[in-house]
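Have a look below at one chain only, the form predicted on its own, in structure tokens format.
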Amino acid sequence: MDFNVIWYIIIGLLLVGYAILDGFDLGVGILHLFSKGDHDRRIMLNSIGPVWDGNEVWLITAGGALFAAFPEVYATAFSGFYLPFMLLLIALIFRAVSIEFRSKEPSRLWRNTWDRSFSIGSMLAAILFGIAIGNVIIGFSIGPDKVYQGTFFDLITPYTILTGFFNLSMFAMHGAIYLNLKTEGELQKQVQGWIKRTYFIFVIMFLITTGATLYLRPEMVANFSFGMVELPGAYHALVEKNQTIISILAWLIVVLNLLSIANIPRTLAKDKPMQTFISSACTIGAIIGLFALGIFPNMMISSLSPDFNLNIYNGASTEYTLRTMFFVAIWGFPFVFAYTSLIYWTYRGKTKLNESSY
């Protein structure tokens, strides 16, 4: 295994961490307007208050790692998705401003305005993340100069809209499951109702998106098909030499994915909220893991020609850079895990309001 593969895995793990952690606070924002009354909305905001900005560190770290390890991929992604990323940035800024500003005035109009801003920003961010992933799966018009040749509207297709709303449903479910950990009383009963509804929508979207992906891009399973599905271009040597082992591991992830999805209503019925949250986190991790394995070793797929794909070699920094970064990362990652763990341990338990609350 070379450093190109190692950095592909590291960036994938960072994105899994981001999707699990920021996924639930985006989900809380998506559900925010469904709660009634100032008290319940403050509970929801304060349930993510100590952690939401720390969660976004994972996205910033993943972006920084992508820039340093795969600069050509970073350049193509940020030029091709320039307008969507600007919209995403605006959505994330509005979320942050809404959380900070809402409690500054007692006026109902003031608070309702920031409530809507918080919720719309959260929904827009979740949909845009899904649209970006959908474009990576289906491919977009990257030319021989590694530059995106389409327009913003070329990125909006029925499939990418589907992946956008699939992501919205997944984060909404994940957010409701997180709120089940942080609330009590009547609000918790209301949250448990949200879990059931969002779970039902998520399962429907999961089945439709999986079917559409396999229909439009059957080669997404080529790396773990025991050699039964042809991959455009050559297999990576790592996959070719270990195809049976990788296929078995990948199908174990598929089984884990299905079991974790099925375990959500079971643990909810048994009133085990932490197990429900772990099942939801495993579901997100498994979906991203299968996506990463499906496109490997590519990182950006060209819809014009497989020759124009950006992969972990033609989009990478030098081996010296990747090696140096790796030894820096193995010292830096423990600090990120320690910081994250300390924050969550400090603010564990049910959310209570006090004078310093939002």
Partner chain sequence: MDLDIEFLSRLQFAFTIMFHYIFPPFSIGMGLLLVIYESLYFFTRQKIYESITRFWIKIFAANFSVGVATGIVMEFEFGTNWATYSRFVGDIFGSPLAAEGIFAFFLESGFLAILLFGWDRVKPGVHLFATCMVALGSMMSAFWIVVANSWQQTPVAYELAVTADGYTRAVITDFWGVVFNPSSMVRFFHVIVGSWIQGAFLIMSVAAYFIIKKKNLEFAYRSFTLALIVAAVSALIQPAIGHYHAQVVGEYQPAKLAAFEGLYKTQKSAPLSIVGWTDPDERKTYGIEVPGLLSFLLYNDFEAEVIGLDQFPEEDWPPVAQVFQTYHLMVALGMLFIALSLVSLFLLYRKKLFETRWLMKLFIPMVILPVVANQAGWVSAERGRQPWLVQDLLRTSDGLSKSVTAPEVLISLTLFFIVYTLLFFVWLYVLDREIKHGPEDYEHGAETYQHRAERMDPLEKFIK
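Fair warning: this is a prediction, and the values are worked out from it, not measured in the lab. Positions refer to the first chain, counted from 1.
A second form of this protein, the form predicted in complex with the partner chain, is not displayed here; the remarks below concern that form.
- Site annotation in the model of the complex: the residue of Phe94, Phe206, Phe140, Tyr159 reaching within 4.5 Å of the partner chain with a heavy atom is Phe94.
- This chain is drawn without the partner chain; in the model of the complex, the residue among Phe101, Phe200, Trp251, Phe226 with a heavy atom within 4.5 Å of it is Phe101.
- The partner is not drawn, yet in the model of the complex one stretch among 120 to 128, 275 to 283, 77 to 85, 239 to 247 has residues with heavy atoms inside 4.5 Å of the partner chain: 77 to 85.
- Although the partner is absent here, Trp58 lies within 4.5 Å of the partner chain in the model of the complex, judged by heavy atoms.
- When the partner chain is considered in the model of the complex, Gly64 lines it closely, a heavy atom lying within 4.5 Å.
- Taking non-hydrogen atoms only, Pro218 never approaches the partner chain to within 4.5 angstroms in the model of the complex.
- The partner chain is not shown here, but in the model of the complex it comes within 4.5 Å of a heavy atom of Leu89.
- Counting a residue when any of its non-hydrogen atoms is within 4.5 Å of the partner chain in the model of the complex, there are no hits in 1 to 30.
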